[in-house]
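First comes one chain, alone, set out as structure tokens in the form predicted alone.
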């Protein structure tokens, strides 16, 4: 299992287009990929769940990834965050 914090670095934070990119990225893996929201964990393969997180610029998202392709899933998700989801 991988647990890590990923910082949202794009100016607008996680909005609909970004939420779609995150969930599309996660859907490509068989691992369970979740993010902490208060006391619950949200499935990042769901666009709606990603949008509910309502993460703003500069905030960190705690993710938990578990499964046979967890390393590849983490690297892909980290790259997406590091590249500001293709935005400013």
Partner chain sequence: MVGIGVVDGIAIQKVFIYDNAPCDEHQREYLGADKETARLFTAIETAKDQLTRTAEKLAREIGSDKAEIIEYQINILCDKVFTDKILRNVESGSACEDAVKTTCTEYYEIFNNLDNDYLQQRKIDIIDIQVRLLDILNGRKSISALGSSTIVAAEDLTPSQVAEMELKSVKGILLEKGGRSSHSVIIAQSFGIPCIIGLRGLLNKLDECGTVIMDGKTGDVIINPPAELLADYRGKLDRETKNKKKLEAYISKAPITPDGVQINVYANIASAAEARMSLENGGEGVGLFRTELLYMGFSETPSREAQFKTYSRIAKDLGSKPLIIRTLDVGGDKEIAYLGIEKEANPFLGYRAIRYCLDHESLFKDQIAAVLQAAKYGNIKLMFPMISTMDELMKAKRLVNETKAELLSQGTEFADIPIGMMMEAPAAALMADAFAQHVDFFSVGTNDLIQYLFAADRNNDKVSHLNSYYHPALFRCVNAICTAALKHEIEIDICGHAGEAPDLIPIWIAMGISGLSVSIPSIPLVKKIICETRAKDARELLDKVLQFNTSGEVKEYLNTINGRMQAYDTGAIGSTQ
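Positions refer to the first chain, counted from 1. Being a predicted model, the structure only gives us computed values, none of them experimental.
Missing here is the form predicted together with the partner chain; even so, the following discussion is about that form.
Engineer: With the partner left out here, if you bring back the partner chain in the predicted complex, are 14, 24 and 56 all within 4.5 Å of it by some heavy atom?
Structural biologist: Each of the three qualifies.
Engineer: Hey, in the predicted complex, does residue 43 get a heavy atom within 4.5 angstroms of the partner chain?
Structural biologist: Within the cut-off, so yes.
Engineer: Does at least one non-hydrogen atom of residue 31 fall within 4.5 angstroms of the partner chain in the predicted complex?
Structural biologist: No - in the predicted complex, heavy atoms of residue 31 and the partner chain never come within 4.5 Å of each other.
Engineer: Please check if residue 61 has a heavy atom lying within 4.5 Å of any heavy atom of the partner chain in the predicted complex.
Structural biologist: Although the partner chain is absent here, residue 61 would stay clear of it in the predicted complex, with no heavy atoms inside 4.5 Å.
Engineer: Heavy atom to heavy atom, is residue 20 within 4.5 Å of the partner chain in the predicted complex?
Structural biologist: Residue-level check for residue 20: yes, a contact with the partner chain.
Engineer: Hey, which residues along 37-65 are within 4.5 angstroms of the partner chain in the predicted complex, non-hydrogen atoms only?
Structural biologist: Contacts from 37-65: 43, 46, 47, 48, 49, 51, 52, 54, 56.
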